[in-house]
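A single chain comes next, written as structure tokens; it is the form predicted on its own.
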Amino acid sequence: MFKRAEHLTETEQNLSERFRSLAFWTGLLGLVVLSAVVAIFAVSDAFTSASVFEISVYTVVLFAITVSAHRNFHVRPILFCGLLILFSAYWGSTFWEAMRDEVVPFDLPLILFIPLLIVLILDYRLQLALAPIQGGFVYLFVCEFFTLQWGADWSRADHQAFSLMLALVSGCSFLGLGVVSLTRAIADKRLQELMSETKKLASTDSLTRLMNRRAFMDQLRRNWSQQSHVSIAFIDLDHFKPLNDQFGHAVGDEVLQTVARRIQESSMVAAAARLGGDEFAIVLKEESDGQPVEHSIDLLHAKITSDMRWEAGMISIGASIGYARCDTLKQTLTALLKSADTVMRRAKSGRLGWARFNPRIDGAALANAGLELELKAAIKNGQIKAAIQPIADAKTRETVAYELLARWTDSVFDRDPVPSDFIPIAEKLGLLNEMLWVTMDEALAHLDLRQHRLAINVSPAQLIASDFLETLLSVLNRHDVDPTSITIEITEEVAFRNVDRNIAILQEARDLGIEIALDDFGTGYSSLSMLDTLPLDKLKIDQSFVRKSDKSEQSKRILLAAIRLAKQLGLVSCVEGIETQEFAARVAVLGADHIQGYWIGHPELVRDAKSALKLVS
């Protein structure tokens, strides 16, 4: 079973360490002082049988206190018992010497201060209990054994009064010490309660009283190595926002509290947390009443989704649960959490109620989730690199331009993701422009574009960004590159959304001297109609026509028609997908202006100036 680890609070640990340190130094300093006293006695030859006994007891007790504190072994009981023994040994020795008429004037201050020093760090209960005992001992000693020797002519009554006064002073000093200790104990307790409450508030969701995300993750990490297998489920309430909007946040809060209570009441839940919003996470017991986990999940889902009674009627609660189980020796906690989150999303999108992680079904989604998590960091850490592919003149075969591409290098995955893996995710996350500026910065720092152009691919979402052209010009100015050296490659998707806005931006870019090229011409549904709408300078004819032209006369005619159409419209034609010399020669004969493909050159990383200059030459 997944259990909560038992730990002292930080405040308790601090107080315990403070007390242990105090006990250690008490024992150690006591031994040092005792050694000095022994040395004085030895020099003055003042040893008596009582002093030898007292010193022996002190040595044993102080040594025991020091060792127990050093080893942190039952420090409090050993310290308190030891100090009580010292208190008893002192008074026993004092009375023994008094009965042998070995009392000296110096004994008077000693009986007042030495016992006080001994009980200084005792518990306040013991200090208060010893107060009357100390007062009684002082009165008895002074009254019966101590003779006033400074010449005062005191009567027996005067002597008794003086003894009583000293007894009261000594007893009250013990009482005062006890009150101070009691006050400190109360303050320590309040501090401990305050710190415990603060820690509880920091680790608890205020609405549901479940653990919050941080506390849940901390507990998982603490217990991870102690378990052989762990099953985690993520729970997401269905249609919670519409419920909030319809009935109000008060009802929404009540729903969350009800769900939390139902989770806590479930015998199959070992730990539970509210992650935020309407999301919960639980750690499942491996078995509940002898039933498999799947049965437990089914029961939990039924319990959570039962209708909630409200003052205006019944409220239906929906929930999607996804759970995953792993061997803690073979899988990481992060991987398990990703798996549970992935299958929960599948259960929600498929309205399955609940589902278990299936690598065959959820593997692709999990991989995409991993890419999403890593892509932002990859851009920030410089793992997204610029690559360039040459574009050549169809007749002379000389390089006239480069197409800027992005490559993901040095990734954390078994293989570096290819553009078809991460470009759709970058578009989904709105990171395409950020990738473009990063790769442009790298490429422009190494390429000489005085005799060449650099073609950049821009999606409709990038194009309509409010600062697209402004940022583009800023990047070009930073590298002292003229806008006339840049080609923006677009696809026909620009005509599907925000057409007027897209055309306006493209026209503004064209007015700045930037060339506009329509990429993948011939593959869409409305390419011909866009030629009269979009401000274009160049057509990039899709590589599929080149590949088919070798086998189909019809495809060859379409390829020829596309090249002639470009010429008739005054546009530069560029044929993509040139992979052999034969294809290069064929499209040149057909009248193409530019060619691009693996035969001209593969995309290469712009890692340094040498690589770029090699491509330029």
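Start at 1 with the first residue shown and count on from there. Since we're looking at a predicted model, the values are computed, not measured.
The following text describes the form predicted together with a small molecule, which does not appear among the structures shown.
Contact with the small molecule in the predicted complex, judged by any heavy atom within 4.5 Å, is made by just one of Leu534, Ile317, Val458, Ala347: Val458.
A heavy atom within 4.5 Å of the small molecule in the predicted complex is found for exactly one of Glu515, Glu97, Asp278, Asp520: Asp520. The stretch from 450-458, 329-337, 255-263, 301-309 that comes within 4.5 Å of the small molecule in the predicted complex, counting heavy atoms only, is 450-458. In the predicted complex, no heavy atom of Arg356 sits within 4.5 Å of the small molecule.
A residue is said to contact a partner when one of its heavy atoms sits within 4.5 Å of a partner heavy atom; His295 fails this definition for the small molecule in the predicted complex, lying far away. In the predicted complex, none of the heavy atoms of Val587 sits within 4.5 Å of a heavy atom of the small molecule. Remark: Gly92 does not count among the residues lining the small molecule in the predicted complex, judged by a heavy atom distance of 4.5 Å or less.
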